[in-house]
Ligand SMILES: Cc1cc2nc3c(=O)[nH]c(=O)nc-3n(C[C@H](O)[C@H](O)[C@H](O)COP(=O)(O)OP(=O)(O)OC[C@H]3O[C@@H](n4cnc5c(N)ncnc54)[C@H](O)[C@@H]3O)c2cc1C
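First comes one chain, alone, set out as structure tokens in the form predicted on its own.
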């Protein structure tokens, strides 16, 4: 058997953070990674730039503010920034608080994490999957590895090409932990395609409101990208965790104007338009193809007709469409396209140290927990914070 103090299952963001924090506190640490190298998902984040944190992250940006608040009370964003500076990473932030490596390369993030693990003597074992965990004479046994403490940092089910296949859920369920419903999050929406298919590739700054089947409404604002299957872009993807069962999406193409202002604009556009064709009516408000699609869908008549033939009722209908264009949502794309997993291990079964309330010495961190946040570095922020907390807590457990 290969004996170690802390065995970490998963060499992703939270697992590497846990390894460094545990080793810094004197623990003997081994990381078990199923792929041929650690941190592959880190390399893919931020389109290869790695949006590793968000300076503005707060508990309210996550699905369970209370639990995240208790984690952030111990390791907050400022602490995470200091952590990365301590391992040699220089960072820069944009106007929305998104933090990137100054090198603008995700490889820099992974490199400093690996080098710090190497400096601290952390053993990294790649190409080995944790099939099961069992207790034996007060120790945890995983394959040929034996440890006093185990941190499950296997990630969720999103982006399985990077090794996250949901195996970690089964490992924890074997100890009596329960897993909530799992579904893709920060992923594209599937909608009826009659409206969107002709707009493929176009982007719009819009406000979105999703009315879910349970009657609840959820909103977001930002970029929307039209695709042949539905909608992508940050605004659409932030609603995806509520769209697994479909619903109705309302697009506000003029979020900076209220209904009255929109109607005034359309009356002015009609007067200016005169005998020009209806297809030109919305040129000054939205992209020409989007405007034509809205007018075609709303007016149900030829767009070659003159602007001055519009009735007051049609102007009102166009204003309503610009402010709340309805699309039927058919669900989302799957885990292969998702950035994160919504759902996970029930956090009520873990203490504020991320130790299992059922099994002493067993810890969990990162995406395997039922925690997910907004797009823009929020999920990696939780990964670093929870990983570091689990690493510290496991090291302290060894000292008992």
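All values derive from a computational prediction rather than experimental measurement. Residue numbers count along the first chain shown, from 1.
If you look for the form predicted in complex with the named molecule, you will not find it shown, but the lines that follow are about it.
- Using a 4.5 Å cut-off to the named molecule in the model of the complex, each of 128, 155 and 167 places a heavy atom inside that distance.
- Among 356, 370, 45, 30, the residue placing a heavy atom within 4.5 Å of the named molecule in the model of the complex is 45.
- In the model of the complex, none of the heavy atoms of residue 347 sits within 4.5 Å of a heavy atom of the named molecule.
- Contact annotation: residue 383 falls within 4.5 Å of the named molecule in the model of the complex, judged by heavy atom distances.
- When the named molecule is considered in the model of the complex, residue 291 lies well away from it, no heavy atom lying within 4.5 Å.
- In the model of the complex, the named molecule stays beyond 4.5 Å of every heavy atom belonging to residue 22.
- Listed stretches are 66 to 74, 22 to 30, 362 to 370, 348 to 356; the contact stretch with the named molecule in the model of the complex is 362 to 370, by a heavy atom cutoff of 4.5 Å.
- Residues of 162 to 187 that come within 4.5 Å of the named molecule in the model of the complex, judged by any heavy atom, are 162, 163, 164, 167, 171 in sequence order.
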